[in-house]
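Below you will find one chain, with nothing else, as structure tokens; this is the form predicted alone, and questions on how it binds or moves follow later.
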Amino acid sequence: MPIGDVLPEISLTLGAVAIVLFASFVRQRQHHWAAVLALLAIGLGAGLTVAQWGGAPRLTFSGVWALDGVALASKLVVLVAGALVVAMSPEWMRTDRRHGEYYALVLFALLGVIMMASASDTMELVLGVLLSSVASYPLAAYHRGWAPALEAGMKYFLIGALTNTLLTIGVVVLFGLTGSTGYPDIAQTLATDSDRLALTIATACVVLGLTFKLAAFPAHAWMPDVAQGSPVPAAAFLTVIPKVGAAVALARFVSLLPPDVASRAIVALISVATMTLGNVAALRQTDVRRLLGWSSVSQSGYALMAIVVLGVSDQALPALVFFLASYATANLAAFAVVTHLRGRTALDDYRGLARHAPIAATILIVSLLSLVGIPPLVGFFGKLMLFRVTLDGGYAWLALVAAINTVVSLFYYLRIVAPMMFGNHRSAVHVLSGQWARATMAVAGVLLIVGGLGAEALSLFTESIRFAL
């Protein structure tokens, strides 16, 4: 059990502790330096993760921790996304008395998401979900004096309490069936003999539990409220990063199940309901942040397509990881623009933005087109891989539903783009934030374009990733 296997996670933990101590002993006007400490911890974690790349896929720490291509790739996505969230935060949080502690919560939440993606044991999975949830609840309601933030935080907490309970019930039932919490032992026992009714109940509970972190149906209702009411950097975090860990965790769990269990049917139905509900609800929104929240719900439905064909298509895992990375980049770029505009998100406030702030408008347009899947942006290649593996897996009907939903999504994204390009200028967008948010917006925009141009090389980089189990 070499300690080097979890050095990236140790760097995040030590970074969070250092930030808490730092924020306790310095004046509030110096709390922005906590963002630098957080970026250093994340950078160190990313470097240590890259150093682990290339080793043979394996399970470590008595089989509860996976060190394989999927875990490492998702860890890199989470860390890069976390760095972007931290970088867009200092100006937004400057006036908050708890500015410094915010970054410690972000690091702990990142750690929980990484634990979800790397867990090879059901108890480790529960621990990751709970750590991510406990650190995320205060992020959602960090502005305690604003009613929408409190409402968002309360809804997030209540739905999380219910779904985390269901997850734990599913894990307990699964332990009763197999006598083990380790994934290899569970897979071996389920392959020989088990009570199929009890296994179906356990599967449903675990899947429903993970839909909370995915913001997928039926545990999706918190997402639009959090996207609209939370601090914009926290909303960017919560709409993107937990989704990565939950999707990989769900993929690991589904891969354990025997073929005769209705897991594919369950996940396929959730996928259709999620993408359809998210897109239809987004059509009616007049607030950009709330629209992006419903968009995030729909994107979870697309991600579930890869999990449906897991084990049928050998490229399902690479497609899932690549799509998650492309979605994270596009959504964070959009929220970086919203942060840059100091949270102005009413559709009317975006009229004429292309003339007043052409760079911000361009990055927002590029991010929205990437979310739709327009070439040559990185989002196009992410969705292309999803559609390809879904068709290869024999789920043409699911690919057709996803294609229809993609066309529908184009309409509500254009509701943002058209006023920016052709509407009359509104003075509400005069107040722009400082250098941190501006730099984050630029970096995210560049990643969108570079990721699209280098999509073929990135797909080759991910096509060989596999589970250690």
Partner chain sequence: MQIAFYLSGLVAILATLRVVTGTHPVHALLYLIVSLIAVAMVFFALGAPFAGALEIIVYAGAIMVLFVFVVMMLNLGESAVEQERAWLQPRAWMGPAILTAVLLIVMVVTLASGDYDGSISGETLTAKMVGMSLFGPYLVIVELAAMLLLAALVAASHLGRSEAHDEADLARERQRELNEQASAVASGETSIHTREESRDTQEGKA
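None of the values given here were measured: they were computed from a predicted structure. Numbering follows the first chain given and starts at 1.
There is another form of the same protein, the form predicted together with its partner chain; it is not shown, and what comes next is about it.
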property: Among 281-289, 124-132, 384-392, 159-167, the region lying within 4.5 Å of its partner chain in the predicted bound form by heavy atom distance; result: 124-132
property: Residue 65: touches its partner chain in the predicted bound form, heavy atom cutoff 4.5 angstroms; result: yes
property: Proximity of residue 447 to its partner chain in the predicted bound form, heavy atoms at 4.5 Å; result: no
property: Residue contact check: residue 138 to its partner chain in the predicted bound form, 4.5 Å heavy atom; result: yes
property: Residue contact check: residue 453 to its partner chain in the predicted bound form, 4.5 Å heavy atom; result: no
property: Contact assignment for its partner chain in the predicted bound form, among 194, 362, 313, 181, heavy atom within 4.5 Å; result: 181
property: Listed residue that, although its partner chain is not shown, lies within 4.5 Å of it in the predicted bound form (heavy atoms), from 151, 96, 91, 349; result: 96
property: All of 17, 28 and 111 within 4.5 Å of its partner chain in the predicted bound form, heavy atom check; result: yes
